[in-house]
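Taking the form predicted on its own, here's one chain by itself in structure tokens.
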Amino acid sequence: MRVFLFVPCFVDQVFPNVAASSMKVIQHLGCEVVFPEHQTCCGQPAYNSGYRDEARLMAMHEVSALLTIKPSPAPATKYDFDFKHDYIVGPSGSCVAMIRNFYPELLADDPRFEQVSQDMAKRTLEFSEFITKVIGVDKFSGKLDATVSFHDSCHALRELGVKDGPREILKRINGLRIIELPYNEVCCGFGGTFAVKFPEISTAMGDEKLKTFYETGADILVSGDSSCLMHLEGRARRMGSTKRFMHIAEIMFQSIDGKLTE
């Protein structure tokens, strides 16, 4: 099985360890990982801000970049991707939701991309979703002495339906103690461009989420979206907290070796 690793732009630029951990875990589970080097932003910020034409152009580029190994100045007509056997997997619920839910809509009126975007959407999965639905959660096991809570990101939860899977994965790690986060379905306040447009509201929501996390007494807040973790960790550091914030791929990879690293 081949996995085409989809690395969102903010993961590439700010959290490269999340991409590396995702790749290593998928390889550990027996898959070949292909990294299309010419992928870029999925277009979600432009789309959410109302710039549909710009988002459409970015979607066209991303389709061609993710499904081919070599770049092309024009839309690709031949893809290296096998639509029957390969998968696109990304460590970000929000960006995966963009490809899966909105690319077919954005590209519906373009005969070059209409069908391929629909086929691509069917083979695109969020990281934990791929492990639970395709690989099988029983194929993974690890060991880690830590206490964690899990934060459900809005896009993964509401647009992809990812809820139980990440928790099933965490339960496969021996020694890991899981304390459920109160009000776990409440938004952390980031929301992409929402945090830029409404910083005061975003900060207040982040503080409320952090309060519920601190009340659990857990050492680490885990999530499947680095954007949420970036928002919460940034606020926590400004408040003097030493709690840790980790993507589920990082927790999984470190559990293979059985020890937490900085």
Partner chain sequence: MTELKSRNFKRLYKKEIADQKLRENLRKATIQASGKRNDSFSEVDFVFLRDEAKKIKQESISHLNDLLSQFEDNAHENGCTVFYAESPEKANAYILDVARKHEIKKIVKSKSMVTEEIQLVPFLEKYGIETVETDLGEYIIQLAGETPSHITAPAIHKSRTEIARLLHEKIGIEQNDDPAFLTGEARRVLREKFLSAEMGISGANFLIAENGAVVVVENEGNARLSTSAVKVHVIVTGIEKVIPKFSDLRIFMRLLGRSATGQKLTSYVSLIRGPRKEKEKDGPEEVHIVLVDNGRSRLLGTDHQEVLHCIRCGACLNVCPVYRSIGGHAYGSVYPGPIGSLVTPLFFGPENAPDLPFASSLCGSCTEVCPVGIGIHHQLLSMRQEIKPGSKHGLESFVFRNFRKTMLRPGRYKLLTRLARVFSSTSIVRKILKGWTGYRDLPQLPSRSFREIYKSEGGKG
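All values reported here derive from a predicted model rather than from experimental measurement. Numbering follows the first chain given and starts at 1.
Beyond the structure shown, there is the form predicted together with its partner chain, which is absent from this document and is the topic of what follows.
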| item | value |
| --- | --- |
| Its partner chain: the contacting residue among 205, 63, 218, 31 in the predicted bound form [heavy atom, 4.5 Å] | 205 |
| Its partner chain in the predicted bound form reached by all of 141, 150 and 245, non-hydrogen atom within 4.5 Å | no |
| Residue contact check: residue 214 to its partner chain in the predicted bound form, 4.5 Å heavy atom | no |
| Its partner chain contact at residue 103 in the predicted bound form, heavy atom, 4.5 Å | no |
| 4.5 Å heavy atom contact, residue 185 and its partner chain in the predicted bound form | yes |
| Touches its partner chain in the predicted bound form: residue 195 (any heavy atom, 4.5 Å) | yes |
| Sequence-ordered list of residues in 45-62 near its partner chain in the predicted bound form, where near means a heavy atom within 4.5 Å | 45, 46, 47, 48, 49, 50, 51, 52, 54, 57, 58, 61 |
